[in-house]
Structure formats: C-alpha cells, structure tokens
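Single chain ahead, by itself, as structure tokens, in the form predicted alone.
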C-alpha cells in the first residue's frame, strides 16, 4: 500500500500536467500560448512548494532564481551576432558564447542552484517574518542588479533574438521534471527530516536533525527547479527585468496558497486553476466575447480577482483547495485491496 500511495501521489500531478498539455493541442494558437505559460507556471510553483511546503518557511525571493535562470538561458542561447546590437556592454565571455537550447536550460538550473546556495548560506538560519523580509530583500537586490547592470544582460531593454523553443512539449517536459524532482525529494529521508523541522523544530534538533542544513538543501534544490523554469520562460516570451518582479511573485505565491502549500498535488492544482483564471481575465481586459456579449474589464482586474480569491481561500479553507494533502487512494478501495490480499 505504501508503494501504491507513492505511485498515486506522483501519477496524479503528472496526469494533470499531461492533460493540460493535450488540451493545448486542440485549441487555437493564441490560447495555446496561455497553456504553455500554465505549464511553466507549474514548474515555478512546484519550486516554491519544494522549499516553502516542506519547510514551512515563507520565501518571497524565489522569483530571483527564476530571473537568474532566465538571464542565463537567454544570454547564452542568443546568437553571438545579435548580442552587440541588443547588449553592447556585455562582458566578453557572455558576448562571445552561444549554446544550444538544452544546454542553456541545464545551465539555467545550475546557476539557479548556485545562487540559491549562496543566498541560503546566511539566510537559512532565519524563520518566520525575518526570513520573509530577508528573502524579499534578495528579490529587490536581484531585480535592481539585473535591471541596471548592463554587463550581464540587456538592462532596461527587453530580451529579443532568444530562440523561442518553449512549446507544448518542452514546457510539459520541464513541468514533469519539476514534479519528479519535488516528489523524489519529499519521499526521501531528507524531505522527511525537513518536514519534521516544520512540525516541531525543537524535537527535530533533539533527534539530531540539522534544521539549517536541511533548509539549505531544499532551498538549493528549489533554486535549481526555479532556474529551469526561468530558462523555459525566456524561451517562451520576450521578457525584461520587470517580468520577474512583484507581479510574478504575487501570482505564483497565490497559486501555491490557493492550491494548498503543503502538498505537491496542491501546488500543481493551484498553478493550473489560477493560471486558467488569470489567462481568462487577461483576455477579458482586452475584450472577450462571452455568450454573445463582449466582456471588457479594466486593466489590473486579474490581480484584484486573484488577490480576492486568495483571501477567500485563506478565510474559508486555510489549507487550500486540496486541503494541503496529496491525492490518495480512497479508504474503501484500500480496505477492499487489503481484504483481497489477506484472503
């Protein structure tokens, strides 16, 4: 039964992601872009869950790792001939180097992990409000460095000439990689030890668990997944420093909270559900036909609606839509299986 439970916990989010990808094959090209974005959002929210859900420590800085992943993949995959026109101040190594799509994504994940490790070394000793404020400081620092330091990127300009390789297949594979990594971690002894520190840090320390070490490991691993998601993002749409700032931080945290922050299933459900609502509202802000009538919402409506949904979920169902639990085999089915095998 333990293996069946583990298989279902992995199979449920995998099937949901595959179904979303299959849905993208039957819709228009404009809607397909929203589907691909949803799959990239799944990877980002799973990265958030990997650390926040297992540790119970709130982080506002994970979009920093998405940003450095996007910068890494975008700069390194851009043709060298295009770089002088777009990024004239780029340092020599970055200016003269071009890699393929898959290597750029691998490097994005590696840089995301390295940056998370560097940031985590001093910050993983913090908890509660202090940790949240410190990670928000990391977001601010990263945003301003990427925005104004033109030696490592386009600065205030938008990334262009980056190969647009993130289609349905690549986004789906990226989301599945994120899910498998998060699942493998949460079922490992390291994931169990980190959840023990979440439930009772004093008791965990008493049995020899290093709270600092386990948080740092999860923070670094989630940075790698976030960096991969950033690589997928930059290969999907033209982006700039503002693309990886407060709006994306808020919307992805809302996805995690609405779905259920303490389960992988909740992270995936929240990402898919909120992305669907967000995509519809984004279309409605430009005017969309609904049942023969034009729905034209004011700009910014989607953020207001998502914020309202998050507040309602926190009030009415604090553990999220999934109750913060993984999808499990129904109790009646478990009993029937056990009865059959015992007989």
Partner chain sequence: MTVDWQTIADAFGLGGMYALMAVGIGLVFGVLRLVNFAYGQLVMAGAYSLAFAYERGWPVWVGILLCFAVVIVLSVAMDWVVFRPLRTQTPAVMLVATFAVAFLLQSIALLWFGSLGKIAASLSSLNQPWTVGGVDIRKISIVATVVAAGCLLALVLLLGRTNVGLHMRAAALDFRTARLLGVRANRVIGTAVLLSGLLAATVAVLMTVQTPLVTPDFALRDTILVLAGVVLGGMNRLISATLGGFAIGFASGFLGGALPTNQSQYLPSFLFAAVILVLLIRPGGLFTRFGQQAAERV
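Being a predicted model, the structure only gives us computed values, none of them experimental. Residue numbers count along the first chain shown, from 1.
Keep in mind the form predicted together with the partner chain is missing from the figure; the text below concerns it.
Looking at the partner chain in the predicted bound form, residues 167, 171 and 237 place no heavy atom within 4.5 Å of it. Taking a 4.5 Å heavy atom cutoff to the partner chain in the predicted bound form, the contact residue among 257, 111, 181, 216 is 257. Interface residue among 220, 186, 243, 249 relative to the partner chain in the predicted bound form, by the heavy atom within 4.5 Å criterion: 249. Although the partner is absent here, residue 157 lies well away from the partner chain in the predicted bound form, with no heavy atom inside 4.5 Å. Proximity of residue 128 to the partner chain in the predicted bound form: non-hydrogen atoms within 4.5 Å are present. Taking non-hydrogen atoms only, residue 137 approaches the partner chain to within 4.5 angstroms in the predicted bound form. Among residues of the shown chain, residue 281 is not one whose heavy atoms approach the partner chain to within 4.5 Å in the predicted bound form. Partner contacts here mean any heavy atom within 4.5 Å of the partner chain in the predicted bound form, and among 30-38, 61-69, 294-302, 270-278 they occur only in 294-302.
Heavy atoms closer than or equal to 4.5 Å to the partner chain in the predicted bound form belong, across 300-317, to the residues 300, 301, 303, 304, 307, 308, 310, 314, 315, ordered by sequence position.
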